[in-house]
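The chain below stands alone, shown as structure tokens; this is the form predicted alone.
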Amino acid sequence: MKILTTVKKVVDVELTMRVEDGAIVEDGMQYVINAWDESAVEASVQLKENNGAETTLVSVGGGDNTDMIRRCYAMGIENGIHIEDPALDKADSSIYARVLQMVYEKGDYDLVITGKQAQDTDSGQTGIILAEYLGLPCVSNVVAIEVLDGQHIKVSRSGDAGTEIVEMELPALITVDVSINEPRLPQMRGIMMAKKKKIEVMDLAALGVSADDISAAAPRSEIVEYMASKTRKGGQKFEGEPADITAQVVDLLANEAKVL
């Protein structure tokens, strides 16, 4: 089984972000592997360890994406592809899916594993659009994977009414939720070995397409503006007898909050 896993670089949401003039202030920002994609990497590595799968990772973005690819190497991924092209600077989910389609078609993969969504846009569209472009069966929000044989897998997904179990014929695509596993911390030996491993760097020309072929200059969606969330007022603490507290709260709800 050959597995292709996708990884996106996102802003570390644990840090405090500032918004000025409708844009995120990037000075001092740090970037990390998208949490859902890190779970996808762990799922791929477990399939390699337990079922002898061959694993390849692809990441689209700037030069610092190589650091993420090497971290995935240290986790157990075998091969890494870095797609870097200035024409993709404003790519949306549809354009990313077109690029990933080209990568898939060059590699003859059996299974594509992506994160369910990304921490920066939360759109959750790229993997599903990719499946449509490739004409592959797709199951989203996967929380467990079981290999049945060389041509079939069984996955569990979180649905509206509970856990749903789906059998899939390969090739196929799944998007995974963070609850599927707990990504491992790379060991020092793996980190050192990852520094020496080759990363295949490609641009659009190397994929056999041009920016016009994938409509890179005309994304279907665009982030127009970022807005900082409004700061909530601090809460009030009431002390005293229950009857007095009740009267104070009712008065504030009626005359200040005006919800009564």
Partner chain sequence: MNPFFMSLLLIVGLAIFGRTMVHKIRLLMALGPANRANHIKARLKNLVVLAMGQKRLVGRKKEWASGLMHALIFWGFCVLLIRSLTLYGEGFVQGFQLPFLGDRYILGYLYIAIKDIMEGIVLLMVVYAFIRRMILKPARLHNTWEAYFVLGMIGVLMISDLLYDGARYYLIMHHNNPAHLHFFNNPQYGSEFLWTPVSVGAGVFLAGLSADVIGYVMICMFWLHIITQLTFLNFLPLGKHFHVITALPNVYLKKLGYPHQKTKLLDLENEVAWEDESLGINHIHQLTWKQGLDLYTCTECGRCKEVCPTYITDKPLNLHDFNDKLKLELLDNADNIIKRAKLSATIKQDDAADQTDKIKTEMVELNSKKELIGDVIAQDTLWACTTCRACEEVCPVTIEHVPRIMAMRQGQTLMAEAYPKELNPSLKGLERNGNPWGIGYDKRADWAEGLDVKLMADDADVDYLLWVGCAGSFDDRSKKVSTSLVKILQKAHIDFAILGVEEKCTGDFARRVGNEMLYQMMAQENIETLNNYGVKKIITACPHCLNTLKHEYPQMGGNYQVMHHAEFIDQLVKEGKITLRKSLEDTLTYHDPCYLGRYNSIYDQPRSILNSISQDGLKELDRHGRESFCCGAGGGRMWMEETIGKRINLERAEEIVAKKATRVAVGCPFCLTMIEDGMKELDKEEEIKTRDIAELVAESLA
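Positions refer to the first chain, counted from 1. Since the model is a prediction, treat every value here as computed from it, not as a measurement. Between two forms, the rigid core is defined as the largest C-alpha subset superposing within 1.5 Å.
As for the form predicted together with the partner chain, it is not shown, yet the points below apply to it.
Proximity of residue 76 to the partner chain in the predicted complex: non-hydrogen atoms within 4.5 Å are absent; the residue sits far from the partner. Interface residue remark: residue 33 is counted as part of the site for the partner chain in the predicted complex, having a heavy atom within 4.5 Å.
In the predicted complex, none of the heavy atoms of residue 244 sits within 4.5 Å of a heavy atom of the partner chain.
The closest heavy atom approach of residue 187 to the partner chain in the predicted complex falls within 4.5 Å. Residue 71 is the only one of 157, 82, 98, 71 with a heavy atom lying within 4.5 Å of the partner chain in the predicted complex. The stretch among 149 to 157, 178 to 186, 102 to 110, 82 to 90 whose residues place heavy atoms within 4.5 Å of the partner chain in the predicted complex is 178 to 186. Residue 241: CA moves 2 Å or more between the shown form and the other one after rigid-core fitting.
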